[in-house]
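Same chain, two forms, each on its own as structure tokens: structure 1, then structure 2.
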Structure 1
């Protein structure tokens, strides 16, 4: 069964066979729900202030309305950090950031204390991060309260000391000791310098700002690009803050440039396609970047559905929006060209799509008539209604999108016939309804041929060549044979000459089930159909013919119960009849009685038994001991095991030794006395 399905491949082709036509879609609810899942508070708080800030910032950027309520714990933490004199610079800044979003109640004295601390650390700063946090803190204080004066008197000097850390390729170093430079540090530096410019009490020297613009231009020269137009800033070195990768480096640079663009009145003249590339990079990573206010807003053209059915008359829909999903200015989308994948055909259409304001999609109501089923690449162009918008929005020229056009393929003139080999005359011929139910019953012998033929026609009326066209013959014993149905341009036909196939069929005569499979990814009605059966009469197998391969065993039987095993035991030995055994038992006891009789005859006596009490008891005990040991042996044979027996025997043995020694030594002394006497 699995083999059948394996042959019927009705998978859709993978989009974007070439990177040139990747699809990007703007921020959606899936991003928002992912963010909510990622940032879920534990016990009403996020842990550190940094995490709290990141969570709140993400919710704000993505436009999530329903946030978890962590206000009380966060505000408490903020107030603590801002009022304590031992907080680190970084913690102060994070606390201020959280305060900026949550707007906790902070007194002006607290702000004054923070402001003096920040200014002190700014004067004492010697690394880029120190500058960054001090200036950033001052900016936040400025935003949150007007009661404190945060302006910098010596802004020029600070500007120059930060600029001293820059390098000729546009990157920045983190401190003067550290020779390694990075894009990440460049972003931080730009943000800091923008802050300095905005905090300056007097105008900063214009030449300094001009050199900074040059630096930014040099930084953009070092941008990395993918083939599909995405651009990003990469980090080659691991810096003090750890290797964060292209995402954080690009985000840092974009943040810096945004901040700088906001404080200068002049334009930055950044290359438009690189900004679009950055926007695509952030979208491609799945996170919206801070490309909001870069000056040029990238517009993304997206399609909700890239598989269209010709038979169902699907309409082509196109959406144009900004990176974060907000709507684009009034514009129109034109379908310029249609390329057919895999061939050089290209038809020039130049048709404008109709704009549906309710759903804000551009719709192509009817596909051009010459679009056949298959893979195509549609080339779109965005045309602004107002030419002014061209300055503010970046479209990226022609956008190529792969479209997969499917349709119902008609099967015509399907018939199956049995032909006589020599003359080619038809013995039986049956018409088939495909793809429908068929149950033909044919019979043939090895001198005849089987012919199957049909035509495939697309909705546009052209001949169609599917990926798969197989004919399968399955014997009742399970042996299967598969043949590919060849086509001759117009018609699909297969002729099975049984004379030549006799050996392939392992000379198995009998009933063969016929099955036809026709399939393709653009064919909406691909099918795998049993057509009926054919009784084949093949000659008998000669001696040396190949055996049919063994059929696979039902996989479930491997784990099922196995056959019952009947054990064959050795035949038990013959035992003698009971009476014989008993007779011999009596016979064995006879010598014993003979022994007793002989003892009597010899006048054996126990006159030497001791007369006095103590020796007499010892003598009795001796005999009792021996009897006990023999009784123990009898018990050992009947039921005890060796260990118990040995244990008891050891005790009895010790007793017997003692008693026996006493008795025998008494006897010995008695006989010695007699001898001497």
Structure 2
């Protein structure tokens, strides 16, 4: 993580600063919850001491009470880092920062060793970061123990060495070898010089302080500003430490100026509107709520709701607090002006809002009568009850907040009619209930017209022009035609001349569904509803007339589930009588029995049947296997399926191959012995 994020690392609090019309709110419980989610320890530790400090400081600034318990692991890491002679200067500073929050058990001897190392590093420093970590470490030792003398006898010399890195525009360089300057380096330098002033054993030369105040004024001259008053310091430099965006650069400058303002008794005379702009940018994460910080505390004016309904008589509520969400001093809020968005005209109101002490909000119970539905910009002004509070708090002048006023729009004189083309006389006319259920049935030919008209009136009795007003005709074949309903003063009206639309309608006669759409973001009763249908009788299409475009195929009908297919099998043929089937079976088996009788009659020679036990066993198994195959065929015919039969047959085939090979081998060897004899 970058060094200068610190307790400003909750970056999601400043997302609204990039929006021209952002509504700024003080720090709330949602921000604290976000910080707890962002800083979640793993195995009881945040990892490095830098990350641990950023988490602890964020919890402290946001006032988070229920935070993770990491004291044991963090203090062990602090002690190891401070006692190690090989610890980097940066790690020493972060260890001291964590110790300043957790108050770990450290002896004075440890602080004396650290003080010696820091002063040696300060004397050998040749870059801004060397000065920053050395001086910052000494400041931390000073705050944590009084047993060690950390004062600087040569403070003027160190001050001038750091000041030599400044530029004419108020920005600073990180080292004399680096010609590039940045706002981030300026914040580091200011914080370091504030430490030098605090550690000086004698008063710093006043001319050096005056020069530094002039540098701060130049730095604020280059501040960036949005139209809503949000201010920030941009960073365009890409150096060895990487690119720093507006958040890091602004945080660094604010910390530096805050540190400098705390050690000098002179006023910095910083512009109040820019201080408030920085407060809006950080939304309080980077500016502690103390009157010493930057000379004054910014107050944030926020609205719990920026969408108000005149129909529901919503109240306008305004909350004023410090950027960290603490209570503001006694004050009043006035509604000074109301602007209509897109217009330079403004209504002068100058009305004081009523304060509700139970909810700590200022309430305007009823909107001014001249506020109509639409987008407005309300201009508020904060007035302190005690003028002395102007010294400690800054409001930034008038605050402009965009307000979205909605309401129910009244629809009058809605009607639809079929007109004769020549005379314009009404042939058929129907009243419409908008919004509501309508089911008009009209008919017309190509020589007639269709007219639709209605009026829109706001709750204030003024004519209303919505963002959307469409009339759609949809043919039964799926072809749609959309027309914009025009506005003629107080009345919305559209007239469709079918004679001029026959080509656009592709000469398609038949039924057309009528649908009306009226909508606007401030119209609470926007609607899209069918009005009914009209039967059109159009002339036949010429030979070369354009054809209707192919209608898109409904993906559901193409890729959706298909209709279930029901198979109807042919009824089985009638079986023959049982007696006839048995007689046929006997005729089939008759040749087999004849074969056996023939073997007996011919006196079959079985003299070659093996006499020994093992060959006789293999011969018997071979014939049993052949019988098993024949039995398997019979079972396949009556009961088994093909796959089961093939599985069993494969096993029997392997068995027959083995025992058959043994049997034939024995017969071959016996025959060879007989021939040789």
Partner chain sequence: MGRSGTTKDAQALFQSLRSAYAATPNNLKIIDLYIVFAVATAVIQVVYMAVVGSFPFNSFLSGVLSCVGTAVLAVSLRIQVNKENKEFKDLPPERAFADFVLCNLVLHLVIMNFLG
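Numbering follows the first chain given and starts at 1. Take the two forms, superpose them, and find the largest set of C-alpha atoms that agree within 1.5 Å; that set is the rigid core. Keep in mind that what you see is a predicted model, and the values were worked out from it rather than measured.
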Quiz item: Between the two chains shown, which is the form predicted alone?
Solution: 2
Quiz prompt | Post core alignment: residue 100 C-alpha displaced by 2 Å or more between structure 1 and structure 2 | solution = no
Quiz item: Cα of residue 173 displaced 2 Å or more between structure 1 and structure 2, core superposed?
Solution: no
Self-check item: Core-aligned CA displacement of residue 536 at least 2 Å between structure 1 and structure 2
Solution: yes
Exercise. Using the rigid core as the frame, report the C-alpha movement of residue 406 between structure 1 and structure 2, one decimal, in Å.
Key: 3.2
